[in-house]
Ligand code: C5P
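This document starts with one chain, in the form predicted on its own, laid out as C-alpha coordinates.
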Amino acid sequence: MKKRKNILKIAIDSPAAAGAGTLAKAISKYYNLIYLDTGKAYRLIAFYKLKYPQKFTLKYIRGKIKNLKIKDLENKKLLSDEVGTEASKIAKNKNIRKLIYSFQMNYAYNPPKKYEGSCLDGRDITYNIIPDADLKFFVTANVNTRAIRRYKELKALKKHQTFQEVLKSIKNRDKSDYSRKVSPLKKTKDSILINTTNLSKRACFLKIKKYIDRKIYS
(Lines give C-alpha, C1' and ligand atoms only; values in the text may rest on other atoms or scores of the structure.)
Protein backbone atom coordinates (compact mmCIF):
# COMPACT_ATOMS: atom_id res chain seq x y z
CA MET A 1 0.00 0.00 0.00
CA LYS A 2 1.26 3.46 -0.94
CA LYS A 3 1.67 5.93 1.89
CA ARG A 4 1.60 9.68 1.41
CA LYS A 5 4.44 11.53 3.12
CA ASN A 6 4.21 14.64 5.27
CA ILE A 7 0.53 14.31 6.15
CA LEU A 8 -1.16 14.88 9.49
CA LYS A 9 -2.60 11.70 10.99
CA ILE A 10 -4.99 11.90 13.94
CA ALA A 11 -6.30 8.79 15.72
CA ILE A 12 -9.26 8.84 18.10
CA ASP A 13 -10.68 5.99 20.18
CA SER A 14 -13.85 6.23 22.25
CA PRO A 15 -16.79 4.29 23.66
CA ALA A 16 -20.21 4.72 22.06
CA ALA A 17 -21.85 8.18 22.08
CA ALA A 18 -18.92 9.94 23.76
CA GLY A 19 -18.94 12.71 21.15
CA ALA A 20 -15.86 11.55 19.24
CA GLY A 21 -17.62 11.61 15.88
CA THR A 22 -18.81 15.20 16.25
CA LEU A 23 -15.37 16.25 17.46
CA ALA A 24 -13.54 14.40 14.68
CA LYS A 25 -15.76 15.97 12.00
CA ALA A 26 -15.05 19.46 13.35
CA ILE A 27 -11.31 18.75 13.47
CA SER A 28 -11.31 17.33 9.95
CA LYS A 29 -13.14 20.32 8.53
CA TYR A 30 -10.90 22.85 10.27
CA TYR A 31 -7.60 21.20 9.30
CA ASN A 32 -8.75 19.89 5.90
CA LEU A 33 -8.40 16.20 6.80
CA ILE A 34 -10.35 13.32 5.34
CA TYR A 35 -12.62 11.96 8.06
CA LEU A 36 -13.57 8.33 8.53
CA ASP A 37 -15.89 7.03 11.23
CA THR A 38 -14.52 3.49 11.22
CA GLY A 39 -17.39 2.21 13.33
CA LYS A 40 -19.77 3.14 10.52
CA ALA A 41 -18.07 0.55 8.30
CA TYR A 42 -19.01 -2.15 10.82
CA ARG A 43 -22.48 -0.67 11.12
CA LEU A 44 -22.90 -0.84 7.34
CA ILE A 45 -21.93 -4.51 7.28
CA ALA A 46 -24.28 -5.12 10.23
CA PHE A 47 -27.06 -3.36 8.31
CA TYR A 48 -26.52 -5.68 5.35
CA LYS A 49 -26.52 -8.72 7.63
CA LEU A 50 -29.86 -7.72 9.16
CA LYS A 51 -31.41 -6.82 5.80
CA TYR A 52 -29.98 -9.65 3.69
CA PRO A 53 -29.19 -12.54 6.08
CA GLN A 54 -29.44 -15.10 3.28
CA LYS A 55 -26.67 -13.33 1.32
CA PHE A 56 -24.37 -12.75 4.26
CA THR A 57 -21.15 -14.57 3.34
CA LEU A 58 -17.51 -13.51 3.47
CA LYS A 59 -17.51 -13.20 -0.33
CA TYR A 60 -20.53 -10.88 -0.17
CA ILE A 61 -18.88 -8.76 2.53
CA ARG A 62 -15.62 -8.57 0.56
CA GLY A 63 -17.51 -7.19 -2.45
CA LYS A 64 -19.30 -4.57 -0.33
CA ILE A 65 -16.09 -3.37 1.32
CA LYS A 66 -14.22 -3.27 -1.99
CA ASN A 67 -16.77 -0.83 -3.39
CA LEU A 68 -17.33 1.06 -0.14
CA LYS A 69 -17.47 4.85 -0.41
CA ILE A 70 -17.62 7.47 2.36
CA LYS A 71 -21.12 8.50 1.24
CA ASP A 72 -22.35 4.94 1.93
CA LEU A 73 -21.64 5.55 5.61
CA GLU A 74 -23.99 8.55 5.80
CA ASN A 75 -27.12 6.39 5.71
CA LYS A 76 -29.18 7.41 8.76
CA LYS A 77 -30.47 3.85 9.10
CA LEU A 78 -27.02 2.89 10.35
CA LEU A 79 -27.67 4.82 13.56
CA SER A 80 -30.36 2.48 14.86
CA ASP A 81 -29.70 0.70 18.14
CA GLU A 82 -30.30 -2.67 16.50
CA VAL A 83 -27.60 -2.02 13.91
CA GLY A 84 -25.21 -0.78 16.60
CA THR A 85 -25.65 -3.90 18.70
CA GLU A 86 -25.11 -6.13 15.67
CA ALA A 87 -22.04 -4.11 14.65
CA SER A 88 -20.47 -4.72 18.06
CA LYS A 89 -20.91 -8.48 17.52
CA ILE A 90 -19.53 -8.36 13.97
CA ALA A 91 -16.46 -6.46 15.17
CA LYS A 92 -15.36 -9.62 17.00
CA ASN A 93 -15.05 -11.53 13.72
CA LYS A 94 -11.38 -11.73 12.71
CA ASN A 95 -12.10 -12.26 9.01
CA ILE A 96 -14.40 -9.25 8.78
CA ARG A 97 -11.92 -7.11 10.73
CA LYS A 98 -9.16 -7.99 8.25
CA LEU A 99 -11.29 -6.81 5.33
CA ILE A 100 -12.27 -3.54 6.99
CA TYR A 101 -8.69 -3.07 8.23
CA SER A 102 -7.44 -2.62 4.64
CA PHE A 103 -10.19 -0.10 3.95
CA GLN A 104 -9.26 1.90 7.07
CA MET A 105 -5.53 1.80 6.37
CA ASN A 106 -6.00 3.20 2.88
CA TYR A 107 -7.91 6.22 4.17
CA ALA A 108 -5.46 6.75 7.03
CA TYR A 109 -2.23 6.63 5.04
CA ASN A 110 -3.28 7.48 1.51
CA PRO A 111 -5.96 10.21 1.66
CA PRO A 112 -6.87 12.00 -1.60
CA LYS A 113 -4.36 14.73 -2.48
CA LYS A 114 -6.85 17.52 -1.81
CA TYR A 115 -6.63 16.68 1.91
CA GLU A 116 -3.77 17.55 4.28
CA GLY A 117 -4.09 14.27 6.10
CA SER A 118 -6.56 11.99 7.86
CA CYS A 119 -8.63 11.76 11.03
CA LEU A 120 -10.09 8.40 12.02
CA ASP A 121 -12.17 7.51 15.04
CA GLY A 122 -13.20 4.10 16.30
CA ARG A 123 -12.25 1.55 18.95
CA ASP A 124 -8.73 0.43 18.02
CA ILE A 125 -7.39 3.29 15.91
CA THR A 126 -4.62 4.48 18.24
CA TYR A 127 -2.82 1.16 18.53
CA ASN A 128 -3.97 -1.00 15.63
CA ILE A 129 -4.87 1.16 12.62
CA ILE A 130 -2.58 4.21 13.04
CA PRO A 131 -0.04 3.29 15.73
CA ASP A 132 2.28 6.01 14.39
CA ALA A 133 -0.38 8.74 14.42
CA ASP A 134 0.91 12.28 14.99
CA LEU A 135 -1.72 12.72 17.70
CA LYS A 136 -3.79 10.19 19.62
CA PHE A 137 -6.89 10.94 21.68
CA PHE A 138 -9.20 8.91 23.89
CA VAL A 139 -12.58 10.65 24.04
CA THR A 140 -15.00 9.58 26.75
CA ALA A 141 -17.92 10.67 28.96
CA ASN A 142 -19.88 9.04 31.77
CA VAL A 143 -22.40 6.41 30.71
CA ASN A 144 -25.53 8.41 31.62
CA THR A 145 -24.37 11.40 29.59
CA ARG A 146 -23.66 9.16 26.62
CA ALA A 147 -27.05 7.47 26.91
CA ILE A 148 -28.81 10.85 26.98
CA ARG A 149 -26.97 11.95 23.84
CA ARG A 150 -27.83 8.76 22.00
CA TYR A 151 -31.46 8.91 23.18
CA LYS A 152 -31.83 12.47 21.83
CA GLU A 153 -30.15 11.46 18.59
CA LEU A 154 -32.54 8.55 18.09
CA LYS A 155 -35.54 10.66 19.07
CA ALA A 156 -34.60 13.22 16.41
CA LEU A 157 -34.57 10.37 13.91
CA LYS A 158 -38.02 9.32 15.17
CA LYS A 159 -36.68 6.07 16.57
CA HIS A 160 -38.97 4.99 19.39
CA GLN A 161 -36.84 3.70 22.26
CA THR A 162 -37.04 4.48 25.94
CA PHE A 163 -34.10 6.04 27.73
CA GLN A 164 -33.68 2.88 29.82
CA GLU A 165 -33.44 0.77 26.65
CA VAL A 166 -30.78 3.09 25.24
CA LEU A 167 -28.86 3.09 28.53
CA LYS A 168 -28.91 -0.70 28.66
CA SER A 169 -27.71 -0.88 25.07
CA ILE A 170 -24.82 1.52 25.75
CA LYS A 171 -23.74 -0.53 28.78
CA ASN A 172 -23.90 -3.76 26.77
CA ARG A 173 -21.84 -2.22 23.98
CA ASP A 174 -19.25 -0.99 26.47
CA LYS A 175 -18.94 -4.48 27.91
CA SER A 176 -18.57 -5.96 24.43
CA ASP A 177 -16.09 -3.33 23.19
CA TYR A 178 -13.83 -3.41 26.24
CA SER A 179 -13.81 -7.18 26.75
CA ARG A 180 -13.58 -8.58 23.23
CA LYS A 181 -10.43 -10.57 22.50
CA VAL A 182 -9.86 -9.02 19.07
CA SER A 183 -8.81 -5.34 19.10
CA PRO A 184 -10.64 -4.29 22.29
CA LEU A 185 -11.34 -0.68 23.17
CA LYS A 186 -8.62 0.69 25.44
CA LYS A 187 -6.76 3.88 26.20
CA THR A 188 -3.11 3.70 25.21
CA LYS A 189 -0.44 5.38 27.34
CA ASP A 190 0.32 7.87 24.58
CA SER A 191 -3.32 8.89 24.05
CA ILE A 192 -4.56 12.22 25.40
CA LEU A 193 -7.69 11.85 27.50
CA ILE A 194 -10.60 14.14 26.56
CA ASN A 195 -13.61 13.82 28.89
CA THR A 196 -16.63 15.46 27.28
CA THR A 197 -19.12 14.90 30.11
CA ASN A 198 -19.30 18.55 31.16
CA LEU A 199 -18.02 20.19 27.98
CA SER A 200 -19.95 21.82 25.14
CA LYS A 201 -19.10 20.89 21.54
CA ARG A 202 -17.25 24.19 21.17
CA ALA A 203 -15.27 23.66 24.37
CA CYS A 204 -14.28 20.14 23.25
CA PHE A 205 -13.11 21.46 19.90
CA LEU A 206 -11.03 24.26 21.42
CA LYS A 207 -9.45 21.86 23.92
CA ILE A 208 -8.35 19.38 21.29
CA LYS A 209 -7.33 22.19 18.91
CA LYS A 210 -4.70 23.35 21.40
CA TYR A 211 -2.97 19.98 21.25
CA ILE A 212 -3.08 19.86 17.45
CA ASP A 213 -1.79 23.42 17.02
CA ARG A 214 1.02 22.71 19.45
CA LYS A 215 2.02 19.70 17.35
CA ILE A 216 1.77 21.52 14.03
CA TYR A 217 3.39 24.81 14.96
CA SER A 218 6.00 23.74 17.52
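What you see is a predicted model; the values in this text were computed from it and never measured. The first residue of the shown sequence is 1; numbering continues from there.
Separately, the form predicted together with cytidine-5'-monophosphate exists; it is not shown, and the next lines address it.
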Exercise. Verify the contact flag for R173: yes if a non-hydrogen atom of it lies within 4.5 Å of a non-hydrogen atom of cytidine-5'-monophosphate in the model of the complex, no if not.
Key: yes
Self-check item: Partner proximity in the model of the complex: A87 to cytidine-5'-monophosphate, non-hydrogen atom cutoff 4.5 Å
Solution: yes
Practice problem: Please run the contact check for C119 against cytidine-5'-monophosphate in the model of the complex: heavy atoms, 4.5 angstroms, yes or no? | Solution: no
Exercise. Answer yes if any heavy atom of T140 is within 4.5 Å of a heavy atom of cytidine-5'-monophosphate in the model of the complex; otherwise answer no.
Key: no
Practice problem: Name the single residue among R180, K155, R62, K187 that comes within 4.5 Å of cytidine-5'-monophosphate in the model of the complex, judging by heavy atoms. | Solution: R180
Self-check item: Contact segment among 130-138, 110-118, 67-75, 91-99, judged by heavy atoms lying within 4.5 Å of cytidine-5'-monophosphate in the model of the complex
Solution: 91-99
Self-check item: Partner contacts in the model of the complex for 105-129 (non-hydrogen atom within 4.5 angstroms of cytidine-5'-monophosphate)
Solution: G122, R123, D124, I125
